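First comes one chain, alone, set out as C-alpha cells in the form predicted alone.
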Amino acid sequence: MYNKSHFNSGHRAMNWLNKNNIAHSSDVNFEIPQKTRHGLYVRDALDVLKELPSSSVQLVLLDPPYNLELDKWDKYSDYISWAKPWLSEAQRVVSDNGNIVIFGGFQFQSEKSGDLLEIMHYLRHNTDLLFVNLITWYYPNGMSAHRFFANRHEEIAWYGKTKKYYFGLDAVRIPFDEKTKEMYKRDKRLNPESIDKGKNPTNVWQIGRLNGNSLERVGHTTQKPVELVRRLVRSLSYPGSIVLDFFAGSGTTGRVCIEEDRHSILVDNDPKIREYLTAHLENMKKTGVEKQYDVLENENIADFLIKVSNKKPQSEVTNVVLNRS
C-alpha cells in the first residue's frame, strides 16, 4: 500500500525545510524565564474566561468531566449545551499560533447525552478551529470486561487556532538506540540530524494510568499522569508562554508548567485545588526539581498578565511619572 504522506505537499515541504535547516513560519524564538508565574482561581470557569483578553494564551489544555456520572459534577443531560460557552471562549482566548487540547472518551453504550464525539462534531461544524490530531492515550492497566473488549485507552483531541499552530516536535522525540540510528543513517534520504534527535512519538502514547498507590497521587479521583500532561505542554507550547487549564482538577498542569518553564492559569471551582497543587509542589521537590515560581491566587487577570510580561503595572508607571514632576 502506498504511504499517502509521500504525496502530501505539506509533508514534502517540511522535509525540504528540515533538510536545508530553514525555519517554518510557525517557529518561535523564545527565552527561558528565570521565574514563572501561576494564577490560581477558585472560581467559575466562564467568569474567569470572560476576563481574559482575546489571543492571550498559547495552549488551552482541558480535562473536562467525561459525563460518566462518576459524581454530581460528572452528569449532564445536555452535554454539548453545557460545553458550547466554554468552547467558544477557549477559541477566543487562544493565540493565532496556539493550540487547544481536550481530553475525553467515547461512551457508546450510555444514553446519547454527550461525550467527546459530540464536542468534536460541534467544533467541526460550528468553529474555524483546525483539527490536527486525535491522540490515543493507551494504558496497559485497567478494569476487565465480559460483554465487550476491555477498554485500555482514552482520546485527546488537538486543535490549532490557525495553520500556523506551534508544534515543538524536537521537545518530545523518543531517542533511537545506537543500533537503530546506525541502520537509519545508511538511508541517504533521511536527515542524520533528525535521526540523532529521535523519532516522532506518533499519535498513540503508551503511558500508564495512575494506580491507587502511585506516589504521584494527590487525592483527586481523575488525576492524569504528569508525563502525559508534560508531553502536551512541551510539544504545543514553548518556554515563557501561557498555558490555560480551566478544569484544573488535581493541579497537574500547574506542576508541569513550573517544571517546564511555562506560565499557567489554573481555574477550578473546587477549593481543594489548593491542597492538590500544594501536594504536587511537595512531590516536585522530592524529585529534586528546583524552580523559581510564584503562585498568585485570585490575582486580577490584567495584573497577572502584566507580571507575566515583566512589565510594570500601570499604577506604578503613573506613580513614577507623578513623582518625577
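Note that the structure is a prediction, hence the values are computed from the model and not measured. So that there is no doubt, residue numbering starts at 1 and follows the sequence shown.
Another form, the form predicted in complex with a small molecule, is not on view; read the next lines as being about it.
- By the criterion of a heavy atom within 4.5 Å, G114 is excluded from the residues contacting the small molecule in the predicted bound form.
- The small molecule is not shown here, but in the predicted bound form it comes within 4.5 Å of a heavy atom of P64.
- Shown alone here, M284 lies farther than 4.5 Å from the small molecule in the predicted bound form, counting heavy atoms only.
- For S95, no non-hydrogen atom is located within 4.5 Å of the small molecule in the predicted bound form, even though that partner is not displayed.
- Just one listed stretch, out of 52 to 60, 289 to 297, 32 to 40, 266 to 274, contacts the small molecule in the predicted bound form at the 4.5 Å heavy atom level, and that stretch is 266 to 274.
- Taking T222, T162, N126, T180 one by one, only a single residue has any non-hydrogen atom within 4.5 Å of the small molecule in the predicted bound form, and it is T222.
- Think of it this way: in the predicted bound form, the small molecule has a heavy atom of just one of Y166, Y76, W158, W137 within 4.5 Å, and the residue is Y76.
- Judged against the small molecule in the predicted bound form with a 4.5 angstroms heavy atom cut-off, the residues A45, A248 and T252 are in contact without exception.
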